[in-house]
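Here we start with a single chain on its own, the form predicted alone, put down as structure tokens.
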Amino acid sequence: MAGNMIDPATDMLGVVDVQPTFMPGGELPVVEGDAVVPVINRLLAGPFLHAFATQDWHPRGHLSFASSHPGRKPFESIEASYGPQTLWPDHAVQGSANAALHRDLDQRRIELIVRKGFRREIDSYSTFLENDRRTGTGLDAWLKARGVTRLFLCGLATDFCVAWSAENAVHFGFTTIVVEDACRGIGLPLPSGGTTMDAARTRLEGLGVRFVTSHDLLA
């Protein structure tokens, strides 16, 4: 798939949670999370004329923060009203410097910024639906109104916000592609073996999501 196969009328790049909070030095760092920024900038300067971005945007005391549950530690799981919920260190706190989009991200072609996770009692990984799988962000309607049919996703983290976004994108009828080298993952170990990265890829491939690299798109 070469860059000249990107159709500006129907293809869009989704830039998921490229925020310092998820990068080295941040509150919930993803290994090499900052390495996605130059790759995404090359995509935004090259084949993609249109993009949207998302921001994790949590109030203090958010349900997903381990600090909101005395005696609990980050990366443990609780049962929320909508099902299992991983507990995280406090991160992406509204108005904090680390919750902003990364200062080096080229935003000139980013036409919409979706803030998610701002409801105190519901976490939100996906760009389309919060974790109750019912509360929508409105992104699907915006994309369809723009005539978008194919979505390319990148950002942080591969196995959580990118993966859940890709899963929902398929659900809403979009042809969905993940740009692997423009993402980084967390890779939490699973009790059944493997990691959240392994599980995410298996789940997405089963839904027909394709994986490409930026080199494929920039060739």
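Sequential numbering from 1, following the sequence displayed. Everything quoted here is computed from the prediction, not taken from an experiment.
The same protein also exists as the form predicted together with pyrazine-2-carboxylic acid (VGL); that form is not shown, yet it is the one meant from here on.
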query	finding
Residue among 157, 179, 44, 53 with a heavy atom within 4.5 Å of pyrazine-2-carboxylic acid (VGL) in the predicted bound form	157
Non-hydrogen atom contact residue 151 with pyrazine-2-carboxylic acid (VGL) in the predicted bound form at 4.5 angstroms	no
Distance check, residue 28 to pyrazine-2-carboxylic acid (VGL) in the predicted bound form, heavy atom within 4.5 Å	yes
Contact label in the predicted bound form: residue 91 to pyrazine-2-carboxylic acid (VGL), heavy atom within 4.5 Å	yes
Partner proximity in the predicted bound form: residue 183 to pyrazine-2-carboxylic acid (VGL), non-hydrogen atom cutoff 4.5 Å	no
Residue stretch of 190-198, 66-74, 33-41, 160-168 approaching pyrazine-2-carboxylic acid (VGL) in the predicted bound form, non-hydrogen atom distance within 4.5 Å	160-168
Residues within 4.5 Å of pyrazine-2-carboxylic acid (VGL) in the predicted bound form, restricted to 14-30 and counted by heavy atom	17, 22, 28
